[in-house]
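Take a look at this single chain, the form predicted alone, given in structure tokens.
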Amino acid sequence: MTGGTRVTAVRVHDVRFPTAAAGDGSDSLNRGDYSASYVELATDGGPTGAGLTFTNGRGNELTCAAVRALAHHVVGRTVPEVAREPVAFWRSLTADPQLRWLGPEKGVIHMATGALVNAVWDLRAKLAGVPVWRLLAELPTDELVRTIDFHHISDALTPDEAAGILDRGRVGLADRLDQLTRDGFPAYTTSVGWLGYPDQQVRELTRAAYAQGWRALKLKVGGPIEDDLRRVELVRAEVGPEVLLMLDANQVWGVDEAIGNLAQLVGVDPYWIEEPTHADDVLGHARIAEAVGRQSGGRCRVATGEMAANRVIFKQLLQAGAIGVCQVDACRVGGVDEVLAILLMAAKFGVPVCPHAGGVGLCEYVQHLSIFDYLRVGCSLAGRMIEYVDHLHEHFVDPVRVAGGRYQLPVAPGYSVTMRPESVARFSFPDGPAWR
């Protein structure tokens, strides 16, 4: 690592892609233009750190403004300084005395924090000449533990417990890495079943995905239940009983409504139901988890986390037995530092992590998190997959590589979210050529 590399400026770009017209990304509650608040950390002679937070259309204006409001906490910092005192740096962003009131540790401010923190990790990895997953996997246990803010979660995970998990993760690490290098990381695709797609398009996309080697697919639900049932049965008929089929309601149902609808949907043998109710309803998720487990004979579980704002919400979901799959988002929480806490809590509670991806750059991000989780934390592929959506990867310098339904390990230094300058220029809102 270069000794004194210092951040000299934070540049933020409002980048938006016109996805709404084709129905790409459409679900029960969301339809818009996939967007990214794209952050660049300029340095005094070193590489540029890149980070982003994924949003949807006009929401990008707010996260870009929040990045600018927080940027002074990053400008002037050296990389070694951040590495020496990571929690102090993280808290400078999450506990800004004039901005914390807007969260705390949630929403627009926390998403902007995620973009900045991830950009710092991208910079650290570029200076070390390795991808983020390798940087994390090779860090000493004490340094990883020092990265985590245990405030408000020590009743669920102590530093000693975290150290024990990470130390055990050293055993067999080389063998697990050889396996990933050879076989890749299991994945599932969400591209077949956006809610705005007509049945024939869903059928054609499902057939194409199966032919490409996908054996785990996700379908959006949350419309009229008879439409949901028809579409799910259509996909199941195309792929047969052996393929994993996941359902995603994107929070549209109430608790009792979710339980009633799932009683009709369990007949198609879903592997999980994702976001069956409001993201903050921990006890509601627990009720649904108990009901769907009973309805399905234990075959279906509740998955959630893409909208869970911070490590404290994840702590409660895990303590309450409310989730069977942890779907942490790479930038909705406060970046790599907070993700580490969530991965370790999930490991302690025995819940597999399948991160939320798709959007803009999320697939690029989360491959690093899942690889690290397998190498040092969870140490198992049982129940673990990375989400994949075949949208917008061409705008990144080092896009994800997927073959036969598996992510291939990224090898370029950094966090894989450096955007192509021509894409930033073309899709910057409102002055880029794509928007004029």
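From 1 onward, residues are counted along the sequence shown. Not measured: the values here are computed from a predicted model.
Omitted here: the form predicted in complex with another copy of the chain. The next part is about that form.
Partner contact region in the predicted complex: 63 to 71, out of 44 to 52, 395 to 403, 377 to 385, 63 to 71, criterion any non-hydrogen atom within 4.5 Å of another copy of the chain. Another copy of the chain is not shown here, but in the predicted complex it comes within 4.5 Å of a heavy atom of residue 306. Shown alone here, residue 111 lies within 4.5 Å of another copy of the chain in the predicted complex, counting heavy atoms only. The shortest heavy atom separation between residue 126 and another copy of the chain in the predicted complex exceeds 4.5 Å.
Residue contact with another copy of the chain in the predicted complex: residue 152 places a heavy atom within 4.5 Å of it.
Checked against another copy of the chain in the predicted complex, the residues 191, 310, 141, 147 give one hit for a heavy atom within 4.5 Å, which is 310.
Interface residue among 269, 233, 280, 290, judged by heavy atoms within 4.5 Å of another copy of the chain in the predicted complex: 280. Contact check at 4.5 Å (heavy atoms) against another copy of the chain in the predicted complex: none of 38, 77 and 130 pass.
In the predicted complex, 356 is the single residue of 350 to 369 with at least one heavy atom within 4.5 Å of another copy of the chain.
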